[in-house]
Every structure is written in structure tokens, then in C-alpha cells.
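As C-alpha cells, one chain now follows by itself in the form predicted on its own.
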Amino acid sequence: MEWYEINKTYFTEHYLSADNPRSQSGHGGDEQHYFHNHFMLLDIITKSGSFIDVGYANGYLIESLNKWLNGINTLQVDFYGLDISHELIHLAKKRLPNWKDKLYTGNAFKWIPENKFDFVCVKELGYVPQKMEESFFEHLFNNYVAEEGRLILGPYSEEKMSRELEGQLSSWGYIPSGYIERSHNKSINVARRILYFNK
């Protein structure tokens, strides 16, 4: 579908033109900013198990989570990644050879894993055209998340007074099991949020 090809080409070229791993994963700030924006995911990983990052890019998120987890607890988390861009997955396999057999290339809306995961993390629903976001969310929840597993949406930024994304999901019949919120390091009016949905 042309929409996917246009977006894949744009983000692949944009990420590969960057000169550091954070930017190659789509993040424009420094390491402190990255830590502030993503460390909150550790509050969601509450047990040992499997974790897939949907929209993996060059793997910097998984690399960081693995490092942070090893520094604070004894959970055993088996990390996987999925991205639509063959070039970005190729880069990730070069950067992280120990995970190369756990990295997949595919369209997340069409791809179905052989085994479901305890934690499925997708940063946003914008990996598909807007009119397909509800179906995309349902696809992830039904086909990716193991029994007693958890679908994680975020971290994302949103105006503190807004609950737009939560309201959208609730209107589809998906009430979050919980959420985590942190202050934004650049704006007092913006929050960093994660919504999660238990199965």
C-alpha cells in the first residue's frame, strides 16, 4: 500500500542520515532527555517474560531498557523487535548482533508472531492510516499479547489537561488497566504518559 511505502521511505532515510544511535531511533534529544522520556517504561515491566518493541528502528530503546533493567533488578526479559524497514532492521542487527535472531521485518498491521509476548510496546498508533487505528490496536491486542500479558501504548506526550488518547481508546471499548504519567522535561503544560492494557 502506497501509504506504508511513503512513510517507510521517509523515516528510513531520516533515521539513517543521523549520526548517533538515539537519533537513528527517532529521538532528537541528548541521553539525559532520552532517559527522562523512556525510563518510565520500567514501571510497566513487572515480571520476567518476553517483550517486543513494535516500531523497533535501530533498537536503541531495547538496548537502553536492557541496560537499565540489569542495573536495578533481577527480572529476566527476553527482548524482540519488529520494524517495517528492512534497512533499519539491518542496522539494528549490525549494532546488536546478540539479538539478530529476534528482530523481524514486517508491517505490524499484517504481521502475526508465531508466539505471543508478555509485553507488547507500541509508541503510537500512527503506524497505520488514521481510519485504521482502531483495527490496528485490536490486531496488536488480539494477536501479539499473551494471556496475562500487557499491551503498552507510549510513552507519548500530551497536554496535561487532555485525555484525548485515553478517551479515543475508551470509545472503542478498550479501557486502560492503568496509566503512568511523568512531567515533561521541557514544558510544565505537557505530560509524558503510558497507557497499558492487561489481557
Ligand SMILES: C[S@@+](CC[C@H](N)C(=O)[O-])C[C@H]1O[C@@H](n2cnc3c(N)ncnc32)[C@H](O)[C@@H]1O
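Residues carry their position along the shown sequence, with the first being 1. Because the structure is predicted, anything quoted here is derived from the model rather than measured.
This next part talks about the form predicted together with the ligand, which is not shown.
* Residue stretch of 49-57, 170-178, 156-164, 66-74 approaching the ligand in the predicted complex, non-hydrogen atom distance within 4.5 Å -> It is 49-57 that comes within 4.5 Å of the partner.
* Any of the heavy atoms of A92 lying within 4.5 Å of the ligand in the predicted complex? -> Close contact is absent here: in the predicted complex, A92 is far from the ligand, nothing within 4.5 Å, heavy atoms only.
* the ligand contact at G106 in the predicted complex, heavy atom, 4.5 Å -> Within the cut-off, so yes.
* 4.5 Å heavy atom contact, K123 to the ligand in the predicted complex -> Yes - in the predicted complex, heavy atoms of K123 and the ligand come within 4.5 Å of each other.
* Counting only non-hydrogen atoms and a 4.5 angstroms cut-off, does Y127 reach the ligand in the predicted complex? -> So Y127 counts as contacting the ligand.
* Heavy atom contacts to the ligand in the predicted complex at 4.5 Å, residues of 15-29 in sequence order -> Residues within 4.5 Å: Y15, S25.
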